[in-house]
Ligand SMILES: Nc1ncnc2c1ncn2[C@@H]1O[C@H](COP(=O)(O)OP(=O)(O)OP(=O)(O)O)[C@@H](O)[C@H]1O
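This document opens with one chain alone, in structure tokens, the form predicted alone.
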């Protein structure tokens, strides 16, 4: 395995950091680390990188203990922190060159293609850039030496949708070349779009690990139907994917997992005053996963 953790724990005095995080990430996979802000994603990453010393447990990357041999690990990885920053007076190209020298040089042609694909202006100084443009420079820095492992903390933060799509393509290309990507995010749809496997973290603890397909039972819609007359409960409660059916007056609330088509077809047979459908927020999704794991 490329990354292995066993009971990894980090506490700040009495405050929670992460608790008993156990993961195994194979070569050539895109692994999503999904959780709301404050869940422990960054603490886990900083502990993996040796920036924080664990309170308990252990972590290994490329077979090396992260606290014993960090130099051997860092030679082979690319890292994008949640807030990428460097010297304000350096241009984008100079920032990339600075890190390239740390790795003994890079393929400048590949580096230039990365800048073009991500829309980086190599001549603008870092202090002149927006958060999204700083993030793009950080992605170039992380990818430019074609590392065996990419550790990316909220990599699409501040990026516009077109650049996000280009980033997803770069991540898939890295995987196709046999490299490994560890990607943290609080966006469920992003992890679903690009990752092979995923771990869900909440309040510093892993609550679920599995394939992206195994997350699909968490994806659901909350549907509200207001009828002009009596509520036809029987027409909806046995439909595929429908659960948590509740009636209040002439309003029907239900949870729908999977396709919405059966509900829409059933509703079309009645006189409706209103039809609302919404996806739950990430915190709500995680709360459901957390309760299911308890």
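Remember, predicted model here, so these are calculated numbers, not experimental data. Residue numbers count along the first chain shown, from 1.
Keep in mind that the form predicted in complex with the ligand is not shown, yet the notes after this line are about it.
Exactly one listed residue, out of 190, 154, 166, 97, brings a non-hydrogen atom to within 4.5 Å of the ligand in the predicted complex: 154. Of the candidates 261, 37, 243, 248, 37 is the one whose heavy atoms come within 4.5 Å of the ligand in the predicted complex; the others do not.
In the predicted complex, none of the heavy atoms of residue 60 sits within 4.5 Å of a heavy atom of the ligand. Of the heavy atoms in residue 278, none are within 4.5 Å of the ligand in the predicted complex. Looking at 225-233, 265-273, 251-259, 29-37, the stretch with residues near the ligand in the predicted complex, meaning non-hydrogen atoms within 4.5 angstroms, turns out to be 29-37. Although the ligand is omitted here, in the predicted complex none of 110, 144 and 147 has a heavy atom within 4.5 Å of it. Shown here without the ligand, the chain has 12, 15, 16, 17 in 8-34 lying with a heavy atom within 4.5 Å of that partner in the predicted complex.
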